[in-house]
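Heads up, the chain below is alone and in the form predicted on its own; it's given as structure tokens.
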């Protein structure tokens, strides 16, 4: 599939208006800068805005993708809706969740203890944790070897499907990938695209382009070298029945 600038702009506009229809009169989708600036109109400290915090001991792609999906599936509809209005804002912090559990309450912890999540809440709720820890410093390049298939945890509520998840690696750090994957995964859970029992095949590629299977969701941002151009950082395909995979 060809990811033209027109298509990317239309998808980015759709995401903004789905999350914050009240911003419709304040965004300029005719330019990349105007379109992406809409997300910065929302201040994390404004009343009603929320963010989630994730403490990362290490980045294990399989464990982190599983944990992120499970965390999103565990949110109440009210929590999900409020977080969506804040563009699923998330802060990634470096630390060992096991060493922090006596001082801080986590709402979800990965099975291997590599990461822990706090539910979306006003910025003040996670301020002590954010003051204590530094931001996760994932400055290394994204690994290019394919990861194993990841199964979304939980008891299936519909017929499971398989989806390919393409992740851009060219000029992208692990920390930047965390942001892209986080938004795409949690919003796909909220939209019902990802459900328990689904299988995700992680496919690192320099740039998601020319993919035969149509997309179900995209993560879009600006090109670092050319802020006037949009780029696809993550591409989730439409589902394929397990029996056909």
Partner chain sequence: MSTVHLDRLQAQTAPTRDRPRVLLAPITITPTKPLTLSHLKGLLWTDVMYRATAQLADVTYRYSHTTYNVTEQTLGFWEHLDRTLGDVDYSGWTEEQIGECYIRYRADEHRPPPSAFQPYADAVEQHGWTHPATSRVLELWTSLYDRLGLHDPGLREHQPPGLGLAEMIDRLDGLGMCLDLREHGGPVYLDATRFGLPLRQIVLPGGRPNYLACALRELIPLAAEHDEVVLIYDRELEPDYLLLQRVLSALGPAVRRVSLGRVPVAGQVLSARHGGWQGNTVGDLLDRLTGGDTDDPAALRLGLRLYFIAVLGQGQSQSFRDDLVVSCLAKARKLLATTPERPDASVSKHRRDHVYVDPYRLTSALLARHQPKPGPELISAVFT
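Residue numbers count along the first chain shown, from 1. On a predicted model such as this, the values are computed, not experimentally measured, just so you know.
What follows is about the form predicted in complex with its partner chain, which we do not show.
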property	result
Option touching its partner chain, based on a heavy atom within 4.5 Å in the predicted bound form, out of 159, 132, 149, 125	132
Triplet 100, 138 and 174 all within 4.5 Å of its partner chain in the predicted bound form via a heavy atom	yes
Interface membership of residue 215, its partner chain in the predicted bound form, 4.5 Å heavy atom rule	no
Close approach of residue 95 to its partner chain in the predicted bound form, 4.5 Å, heavy atom	yes
Residue 207, heavy atom within 4.5 angstroms of its partner chain in the predicted bound form	no
Close approach of residue 66 to its partner chain in the predicted bound form, 4.5 Å, heavy atom	no
Interface segment, criterion being heavy atoms within 4.5 Å of its partner chain in the predicted bound form, picked from 27-35, 186-194, 215-223, 53-61	53-61
